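Shown below, as structure tokens, is a lone chain in the form predicted alone; questions about how it binds or moves come after it.
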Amino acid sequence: MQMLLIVTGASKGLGKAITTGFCCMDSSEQQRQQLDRLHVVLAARSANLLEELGRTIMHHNESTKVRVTLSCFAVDLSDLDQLDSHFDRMFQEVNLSGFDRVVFVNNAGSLGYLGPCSSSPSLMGMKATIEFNVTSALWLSSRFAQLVQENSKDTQKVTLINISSLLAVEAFPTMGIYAAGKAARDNYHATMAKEMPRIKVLNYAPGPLETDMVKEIRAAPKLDKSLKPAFDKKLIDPHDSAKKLVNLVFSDKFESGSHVDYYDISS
């Protein structure tokens, strides 16, 4: 099998864990999936962290039979003026029809303001958060869907993964702007699933993860006190969540457009 993997926000946290989950499988798992070629396209802001991740991937696969190629793009996906240009660069040398399986992980995003909705500090800050978490993410998925329509073949398996959250379906006090973005993304991708049966779409909620993002939540001065116990305890290792996602994608045992939580998946 020849596979194309694209991950945004790939340099750290869940994005990094998902990347290594797909790219650093052991030889027995690679053989089970009949994987013999893997091309990886990674996008994130930090060139240094992407290079470090790239070295990890290539080093792991030196001892496997999988032929791995890698393209890294240090880009700011919150810059809407450059978003089309960034997308074009990421895909300019990729021929989708040359792969048996294509997986696009739409992961990049930010927390935004944490505090009561009635005390949002600025319109521009809210606008910037929505532009990154919603407008950018939705446009990337839309561009990807267009690319699939124009260049893919019917025998391919194409999977689009939107990284969601429990907050997409449940309100948490003082996390309104983040929840609004996740809810918008979920509904857009659920709609895309109905419109495009050619693409299998998954809204994956990875569970509460031990990442830099949760450190921001713990340090937020206006975080609702009722949430503190949930975030102060030890949370899920991103690699554990990524492993569940990778297994789910390869199994294809999910309904396109569905919202699937980490805790919904049996180990």
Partner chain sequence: MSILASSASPVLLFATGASKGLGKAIAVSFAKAFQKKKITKAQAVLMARSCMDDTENLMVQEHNALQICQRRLDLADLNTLEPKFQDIWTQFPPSSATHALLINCAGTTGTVGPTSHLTLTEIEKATRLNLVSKLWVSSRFAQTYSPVCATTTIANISSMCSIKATPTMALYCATSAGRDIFHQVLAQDDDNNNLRVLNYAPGSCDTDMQSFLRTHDSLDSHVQAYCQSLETDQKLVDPNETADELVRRLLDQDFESGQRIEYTDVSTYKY
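Numbering follows the first chain given and starts at 1. Every value quoted in this text rests on a predicted model; they were computed, and no experiment measured them.
Just so you know, the form predicted in complex with its partner chain exists too; it's not on screen, but the next bit is about it.
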Using heavy atoms only and a 4.5 Å cut-off, determine which of C72, V75, A179, V103 is in contact with its partner chain in the predicted bound form. A179
Let me test this: is every residue among D154, S241 and V249 within 4.5 Å of its partner chain in the predicted bound form, going by heavy atom positions? no
Is P173 a contact residue for its partner chain in the predicted bound form, using a 4.5 Å heavy atom cut-off? yes
Partner contact for G115 in the predicted bound form: its partner chain, 4.5 angstroms, heavy atom: yes
Residue contact check: P197 to its partner chain in the predicted bound form, 4.5 Å heavy atom: no
Please run the contact check for W139 against its partner chain in the predicted bound form: heavy atoms, 4.5 angstroms, yes or no? yes
Pick out the residues of 120 to 136 whose heavy atoms come within 4.5 Å of its partner chain in the predicted bound form. S120, P121, S122, L123, M124, M126, K127, I130, E131, V134, T135
